[in-house]
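The chain below stands alone, shown as structure tokens; this is the form predicted on its own.
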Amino acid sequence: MGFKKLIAGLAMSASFFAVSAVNAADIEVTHWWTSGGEAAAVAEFAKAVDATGDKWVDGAIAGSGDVARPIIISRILGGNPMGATQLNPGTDADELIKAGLMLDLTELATKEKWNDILRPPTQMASCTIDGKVWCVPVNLHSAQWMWTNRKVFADAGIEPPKNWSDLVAAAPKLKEKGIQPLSMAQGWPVGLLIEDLIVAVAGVDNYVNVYKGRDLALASGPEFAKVFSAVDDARKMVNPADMTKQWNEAVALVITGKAAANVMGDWAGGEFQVANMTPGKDYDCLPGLGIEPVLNTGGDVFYFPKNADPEVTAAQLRMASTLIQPAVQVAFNLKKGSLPMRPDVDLSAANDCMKKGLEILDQGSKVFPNNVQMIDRDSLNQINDLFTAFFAAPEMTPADAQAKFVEIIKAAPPL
């Protein structure tokens, strides 16, 4: 089916929903998608929901998920729920579900066969507790990407890097040219970089065995010593004074040629698209930091807090169905830089980065769980704090950081 036909199909289904939605409702939607690429993607969801006759009332929360999650959860617990909210796959909503505050989507999921049409299975598993479905996955995000500006390397007389080691080798010459080898934002992006280095340097199996299997011998051994040595290389490429406050600001330094590279999830692709840059021509996107192409099964899901108004409940169910319609999945994920949840969509408009991700996803063997699917949020926050401290403190040796990391893994409770 062609893209135009899909759009036409969406319009027809939207007309059906609009006719059916005699008692349409406003749906306040909270999320933390506020960068240029994210805002463009959100607009696609809003347009699709509005086409059903309901109204998407945007409730964007500035900042990262770490900022937004406590606000979202507090509102729901405090009796002031939104109509729908973005969260990540994992355990963030478990307590809300146990408290009976979230809408059960099982009947809709069964009717529309979500288990058959959405992939990979881990995403639906994250939405399922005791056989009941509580959220709808809308995309597959992966964090293991290195983004490089081709012109920067050409102007410096350097071959564009094919992997992390090439970037490390090119760093001295880039510095001589007044170019930041690696742009970096403060806070969680530091943790993301280091986790990406764990996956790239130690390997996927070792990463999962430590985070999910709590393998302390592995965490304290030579494979992870190589990781913290690689992090030491990374922090030598970054001047703390040049670190930005937000992840998209660090990506923008690569887009504008002020930095050569950035390590960030595939959502960075949306920023390059907004800048009208073409992968393979203007920039490169290297999954697995170019060492081994892999994907983790992160992403975004939507939960729907219970509402006493049956008209709102009906609108919530319409929205849940709308977000995973084929044409909506295409329109949203092309703007977001993420992968669609369904394999039966027309991706003729997909760029090379999305095609790389889909190829890895189709292989299956190189797909692994997101960190929050393997270890509790508190332990992840402790790990992120450690990584941030290590990155900012030259006096902390790789061995010191590794020892502290092992202690956090040792104390992490089982999921």
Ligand code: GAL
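This one's a predicted model, so the numbers in the text were calculated from it and none came from an experiment. Sequential numbering from 1, following the sequence displayed.
Below, we refer to the form predicted in complex with beta-D-galactopyranose (GAL), which is not included among the displayed structures.
In terms of contact with beta-D-galactopyranose (GAL) in the predicted complex, the residue from P120, P81, P160, G299 that brings a heavy atom within 4.5 Å is G299.
Here is the short version: of F387, W32, F368, W56, the single residue with a heavy atom within 4.5 Å of beta-D-galactopyranose (GAL) in the predicted complex is W32. The shortest heavy atom separation between S220 and beta-D-galactopyranose (GAL) in the predicted complex exceeds 4.5 Å. Looking at H141, you'd find a heavy atom of it within 4.5 angstroms of beta-D-galactopyranose (GAL) in the predicted complex. Using a 4.5 angstroms threshold between heavy atoms, Q329 stays clear of beta-D-galactopyranose (GAL) in the predicted complex. Of the heavy atoms in W247, some are within 4.5 Å of beta-D-galactopyranose (GAL) in the predicted complex. Contact annotation for the candidate site: F153, S183 and F272 all lie away from beta-D-galactopyranose (GAL) in the predicted complex (no heavy atom within 4.5 Å).
With the partner left out here, beta-D-galactopyranose (GAL) still marks one of 200-208, 312-320, 84-92, 162-170 in the predicted complex; by a 4.5 Å heavy atom cut-off that stretch is 84-92. Taking a 4.5 Å heavy atom cutoff to beta-D-galactopyranose (GAL) in the predicted complex, the one contacting residue in 322-352 is K336.
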